[in-house]
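Heads up, the chain shows up twice below as structure tokens, two forms, tagged structure 1 and structure 2.
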Structure 1
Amino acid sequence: MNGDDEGVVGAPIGDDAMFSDGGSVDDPRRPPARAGKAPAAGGEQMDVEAYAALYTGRTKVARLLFIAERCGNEGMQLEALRMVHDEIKRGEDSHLYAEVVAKIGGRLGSQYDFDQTWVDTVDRRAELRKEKLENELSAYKTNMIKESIRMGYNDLADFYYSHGQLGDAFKNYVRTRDYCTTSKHIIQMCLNIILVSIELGQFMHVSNYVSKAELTPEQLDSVTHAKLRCAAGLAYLETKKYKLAARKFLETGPELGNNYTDVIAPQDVATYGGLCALASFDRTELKNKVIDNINFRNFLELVPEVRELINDFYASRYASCLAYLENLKPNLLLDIHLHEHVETLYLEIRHKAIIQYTHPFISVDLHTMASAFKTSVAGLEKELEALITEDQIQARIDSHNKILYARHADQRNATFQRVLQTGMEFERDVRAMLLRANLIKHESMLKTTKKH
């Protein structure tokens, strides 16, 4: 696979190296060795080419642009931009083209300079096509044939979409709603709107239209079903409802395959679903819904790291689990949907791991534990302190001998304490209430005496 890629993209790489200033990025195709020496950059550097191959349509462009913006590595950035450029040239979005060319800024050679003639042709063609579509639409409207009007709006929306005018595309897709006659149309409309909304980042619409699509009376085919699950999962992920997101991703059927690559790749389903599940599920749920889930196993096979780390987590091999997570991290930070949530999810997973680790023991040696979690004793102490304060771990730290002791609350004492406390509160509340009641009574008496 790797060899293949190198063969295909051999030529532009030469250009790349020639025009990059100085020798700092002399060989962008050989980053793994360098990354190995500098662990700050993470384990294996992302293979942009392979990554991009997973996606089609505008999401490919968007994801590559995101990588170019975030990676902080000029070689990778230029490679991403080059692929964006090639992808856009195949489409019709002249605005985006201008932006990308400006971003490249001549660093990729004359082949990637601004191509005014291309832009002009595209714009002219777009103008003509838009006019034609609008005329057609108004003709359909006068004829009052529902189906034609729907088609007209749909075509117009498709046109806007391919030209990057997402707002207009969204509006026109929504307009088709009134002219949908069969549930098939409704589903199509919903999928279109979901697609545009995901790109616009409006996940409220996504979840709305997912539920609308699911409410259609007709039985959904399994591919559509899987698509909707993914979209719903994304929407939940975006609103930080990780548990619900995990459920949705886990319910995604294997039929998804490569049918939804303009939004999400099956690899992503595995990663998103796996991480969300680790962060939010308890042990039994993890076993039943993730590890024993035959459907989801197919997805996990695509991303062996995630599969391994879930298994490690379940088998309590935290050091290797956390190592896998650390390796994945730089790549996940370059993911357009997951990047914001990586920190939170990682923190949650870490807390889960710590809680699970301490659970079976009466006493734990902090040194052993720190080495299991690859951290210092002092750092671990801080983490444990936070978790104990939040009442997630019932234990206390012997900071002198660096041992964590489980704490078993004395039920009897706690009950006595609570009873006395409750009694005191009750007494206080009743007294205050009686006093207020008397005051109210007194005031009402004042009023009645005034009246008479």
Structure 2
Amino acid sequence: MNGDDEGVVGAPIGDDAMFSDGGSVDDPRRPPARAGKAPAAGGEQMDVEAYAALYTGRTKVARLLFIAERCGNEGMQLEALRMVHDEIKRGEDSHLYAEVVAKIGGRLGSQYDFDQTWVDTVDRRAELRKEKLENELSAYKTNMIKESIRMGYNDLADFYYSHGQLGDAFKNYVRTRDYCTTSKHIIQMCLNIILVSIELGQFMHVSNYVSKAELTPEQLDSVTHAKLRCAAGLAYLETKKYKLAARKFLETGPELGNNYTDVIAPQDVATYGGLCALASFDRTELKNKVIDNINFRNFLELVPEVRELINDFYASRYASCLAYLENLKPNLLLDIHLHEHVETLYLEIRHKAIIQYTHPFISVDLHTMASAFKTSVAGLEKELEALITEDQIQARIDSHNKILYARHADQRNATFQRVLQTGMEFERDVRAMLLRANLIKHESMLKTTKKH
């Protein structure tokens, strides 16, 4: 089967696996590409240290713990736990420290055994700090100074957040709302609540407070706007609204930089936005909103494999595109936000590719198509059967000769049917008008009888 590849709507066509070296910028989740060779089939082990360096704060700890739980590789698990241990000891969350030490289980030596002295010191200092903050807040309430009360609640929320008591932190951040006197205060309150809500997994709150921040009368600065785009994108991703998620990530400006690493890294914006766009955008949208998007191109440069797979998909180099996706998959399954969406997104991208592959042709050889998709003819047949059943592909399969025949609509017959239907509707309307005219002419209109 031969056809013009450029005419295909971004679907998997041909066997030409063109692979780029991916540029010079390294993403720790992405194994180094080898010029002239396809990406390794199963991906390579993530560079945990470089990955962790992309993040700060509690999200760094949460992501490393997630990797430790999911990776299935003891060396990577211990490396992640070691870094979590070191990060926690620079903070004040003694409860999480105890959990991590239990997970390590003495496998990293005596240096990583439970440090009771450190825990006692942190807890004692925390108790004193909490008492001081509560007393200050009570005094502020007595004086009825709104700004002081707002700051008091904010300090108390920060305290709870640093000690891992996210529920209490959320409540106190919300209480600052009644004492915000400027747009800047409202925006800061919204960002604080969004941060805690993301960590709690309460994405409904994330959406609500993104909207509140955007409705403030004061013009948002570019960095805040970028943060809100990312937060909204994560909320839509969590609810599986991939097209809306893609739009939010694509609207994120380069001003984001490293200003939101306590939630998301710029590399994540490229990965999340790119995959969601592939799964939900048509060919025109992919070209206009992704490939030609100058701002988003800055993010894609940080993750060359995502950039290359998007270009390959658009250029109908499907074997190459699917190989890049397969190479990225092991590390994407270790992403705290993306892991549960990987299979769905990959299936959507693959189905979209199959649909677009078949679109320009009257008949398709299943052997050629199976080769392009790196699958068996039997497996491809099952996929095609499902898509035909769901009415996503208008075609029929010749199982004996292994050929897919397109079932194009009879345009000539359809036109005649439309003309006939229009004529019948016109005749009905004319008859109704003539009937009404005759009734008026012969004064046969129904009149309301008057009561005497």
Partner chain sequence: MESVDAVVAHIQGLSGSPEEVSQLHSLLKQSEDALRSQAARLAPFLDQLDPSTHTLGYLFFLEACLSEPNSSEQAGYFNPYVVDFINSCSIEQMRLAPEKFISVCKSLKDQVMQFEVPIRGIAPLRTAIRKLQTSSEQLTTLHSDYLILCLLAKCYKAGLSILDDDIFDIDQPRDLFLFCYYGGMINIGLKRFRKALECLHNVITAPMTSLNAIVVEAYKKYILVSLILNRQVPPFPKYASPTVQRNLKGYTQPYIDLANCYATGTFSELEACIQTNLEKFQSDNNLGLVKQVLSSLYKHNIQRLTQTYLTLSLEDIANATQLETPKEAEMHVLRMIEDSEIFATINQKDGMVSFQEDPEQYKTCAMIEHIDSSIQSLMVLSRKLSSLDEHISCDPAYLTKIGKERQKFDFDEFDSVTHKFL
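By rigid core we mean the largest C-alpha set that fits within 1.5 Å across both forms. Just so we're on the same page, residue numbers count up from 1 along structure 1's sequence. Here the structure is a predicted model, which is why all the values come from computation and not from measurement.
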_Form predicted on its own - structure 1 or 2_ = 2
*asked:* Does Q417 shift between structures 1 and 2 by 2 angstroms or more at the C-alpha, the core having been superposed?
replied: yes
_Tell me whether E427 is among the residues that move between structures 1 and 2 (Cα shift of 2 angstroms or more, core superposed)._
yes
*For R436, what C-alpha shift in Å results between structures 1 and 2 following superposition on the rigid core?*
27.9
